[in-house]
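Taking the form predicted alone, here's one chain by itself in structure tokens.
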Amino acid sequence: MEWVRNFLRYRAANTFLVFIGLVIFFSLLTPNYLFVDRRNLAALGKLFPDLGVVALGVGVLMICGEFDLSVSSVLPFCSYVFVRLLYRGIAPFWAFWVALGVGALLGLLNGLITVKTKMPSFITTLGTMMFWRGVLYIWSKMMPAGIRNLVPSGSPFERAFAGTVGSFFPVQALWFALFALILGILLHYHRFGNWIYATGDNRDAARAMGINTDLVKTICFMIVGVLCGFSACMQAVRIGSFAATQGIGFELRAIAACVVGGTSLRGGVGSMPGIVLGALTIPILDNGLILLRVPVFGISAFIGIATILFVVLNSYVERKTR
């Protein structure tokens, strides 16, 4: 049928179908239907935005034709800045904005190094990931730092970042939806979004059209940095402490989520609905496998296989629907 072919041409359609399939599968097969239990859904809604918010920015950057592996270091670095400011008596509101600013500056640094040296962003951000992680380990001495007494439960700031809407819906999921909406409008309905797609698809052609591709890439790196800063503060408030190991593995899981959502590793192809679905699919797969009592250390193998299968599926369907 023609409408089916048109639907499948949309790269995120495959992810949507698999997403629905996973929800049904885990809903039926987990013991005592734990997957759809209210407490499990609430916990999932609190946990997935930590990675999901970062994945939104990483997806936009991938469409622009670049990668950012430094998110796993930028996030805990911003978290530590946030916590240290709280310990110095700075109000949470102002500490939050400073953490966002630090994230933006680190993203700006990644962007400037990449566009000015023409170095592949994979190498740039791999280097900055290792550098900032080393600085963080030295600065923090790998010591955890609690903030429960600095951001007490029930305070306005705590409710804004780790509270619930009503008695059930986690506010973290609302933040994820808000960022997805803003970036979706920017990507699909704003001129800057066209510049992102053009830059990722063919940088030389974009330059010929008068697009400042270096500026576009740098702004996209800064978006990732700001979202890392936001996720860092949200995560710190939720768990009530800082740990230098926060965010480890986020760089690859964020890329995997974007790939699962149909974002091309070559740039120029992807969509915000697809990135959102990918950011939801990875945690659902993770959560469902845990409830099925799959060994925790084996879950990464399933996610790796799923990522490869999604790439193969997207490529196959794309060829068949041309």
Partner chain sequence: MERQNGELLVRMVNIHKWFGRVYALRGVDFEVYRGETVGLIGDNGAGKSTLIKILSGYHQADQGEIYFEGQRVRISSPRDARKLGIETVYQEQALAPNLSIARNIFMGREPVRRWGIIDRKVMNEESMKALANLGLRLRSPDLPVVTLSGGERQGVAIARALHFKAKLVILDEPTVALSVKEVEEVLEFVRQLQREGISVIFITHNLYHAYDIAERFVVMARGKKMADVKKKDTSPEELSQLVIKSAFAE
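Numbering follows the first chain given and starts at 1. Nothing here was measured: the structure is a model prediction, and the numbers come from that model.
Below, we turn to the form predicted in complex with its partner chain, even though it does not appear here.
Between the options Phe176, Trp195, Tyr80, Trp132, the residue in contact with its partner chain in the model of the complex by a heavy atom within 4.5 angstroms is Trp195.
Contact annotation: of the candidates Lys116, Arg88, His190, Arg148, the single residue with a non-hydrogen atom within 4.5 angstroms of its partner chain in the model of the complex is His190.
Using a 4.5 angstroms limit between non-hydrogen atoms, Gly268 touches its partner chain in the model of the complex. Contact annotation: Ile138 falls outside 4.5 Å of its partner chain in the model of the complex, judged by heavy atom distances. Residue contact with its partner chain in the model of the complex: Met209 places a heavy atom within 4.5 Å of it. Using a 4.5 angstroms limit between non-hydrogen atoms, Thr164 is distant from its partner chain in the model of the complex. Remark: of stretches 181-189, 153-161, 235-243, 168-176, the one touching its partner chain in the model of the complex is 181-189 (heavy atom within 4.5 Å).
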